[in-house]
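Shown below, as structure tokens, is a lone chain in the form predicted alone; questions about how it binds or moves come after it.
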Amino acid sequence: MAVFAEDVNLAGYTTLRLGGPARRFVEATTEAEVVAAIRKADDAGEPVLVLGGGSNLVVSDDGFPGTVVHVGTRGTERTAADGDRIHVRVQAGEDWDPFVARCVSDGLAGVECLSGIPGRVGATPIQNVGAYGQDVSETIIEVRAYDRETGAVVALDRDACRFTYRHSAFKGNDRYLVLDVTYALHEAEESQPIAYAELARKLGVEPGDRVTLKEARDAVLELRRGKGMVLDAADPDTRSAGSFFTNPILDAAQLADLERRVAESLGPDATFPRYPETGDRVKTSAAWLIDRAGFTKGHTLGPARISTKHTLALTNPGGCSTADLLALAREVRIGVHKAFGVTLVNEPVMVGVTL
């Protein structure tokens, strides 16, 4: 049976350890409980916040003036086989990294480079979670969701999810509540081809090579720990929402402007990271822009701090408020735009606040 409470402090449910109280809080552990809680709030005309692991949320100091539904559903099952691909359906409330660990130990390839990412399975399609050359959109074949407009449970295939870089049909749209996700994973002893140069260097292989699943997972975890991106209660750098800004994707005019600005500020021979995208666009590195704009590791503004390990993470070392964190985020965004003409976009979901 779902558990109800009032005035629950949301800071304890986010990795930033920030956020004020929820007026009403529902702990739901079955699909039926999740759907019933959403329906009840919708029927009452009350705002709803669906909460999983809280790893990608920035919540107002004032909290949330409605119902928070904490999704705690559990369950993983193999549903089909398609050649060397195994279909695995996972409930939204399952923790993501333990699921990845099970895939690695079971010889299922496709998510090994997504090791160490905090949060729950239900969040992965929303953000099209990705790291070290893999995105979940490469393996997701179906998302079951509760459609709040029609009151029905629907199944959306990969095309209907409309995945793009760190985006999907679910992001910025509260119509659908993710109930479970089905992944198509390859039965293999080796990883998918290593696509990320930093990971390839760590493994001592060339991009495109394969390694064992365990080797890939171990290397990713080591890289993430070195950047404060694996949750650790003893490390204040992990009190973050992960990467705070997405890597900018530039069209031809924006790229030319950035090339000009980099040459003017750093010298005619200066280069910056660039990766080809669809439609003649180019992706560059938000971390590179932040650092070159003068915001180095450990930079502080009041009690909020850029991680001492990675410039893309904004952290709460202690004694920080959401307002403090956003003040730092705005300082960084304004500084990068002034230096390079690029407007950074926040990756975490903002609840009751804006950047």
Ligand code: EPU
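Quick note: we count residues from 1 along the sequence shown, nothing fancier. All figures in this text were calculated on a predicted structure; none of them were measured in a lab.
Form predicted together with this ligand: not shown, discussed below.
In the predicted bound form, residue 224 approaches this ligand with a heavy atom inside 4.5 Å.
Although the partner is absent from this view, residue 231 stays clear of this ligand in the predicted bound form, with no non-hydrogen atom inside 4.5 angstroms. Of the heavy atoms in residue 299, none are within 4.5 Å of this ligand in the predicted bound form. By the criterion of a heavy atom within 4.5 Å, residue 72 is excluded from the residues contacting this ligand in the predicted bound form.
This chain is drawn without this ligand; in the predicted bound form, the residue among 243, 238, 168, 191 with a heavy atom within 4.5 Å of it is 243.
Proximity to this ligand in the predicted bound form, defined as a heavy atom within 4.5 Å, singles out one entry of 273, 151, 207, 204, which is 273. The stretch in contact with this ligand in the predicted bound form, judged by heavy atoms within 4.5 Å, is 287-295, chosen from 315-323, 287-295, 37-45, 58-66.
Scanning 181-216 for heavy atoms within 4.5 Å of this ligand in the predicted bound form gives 196, 198 in sequence order.
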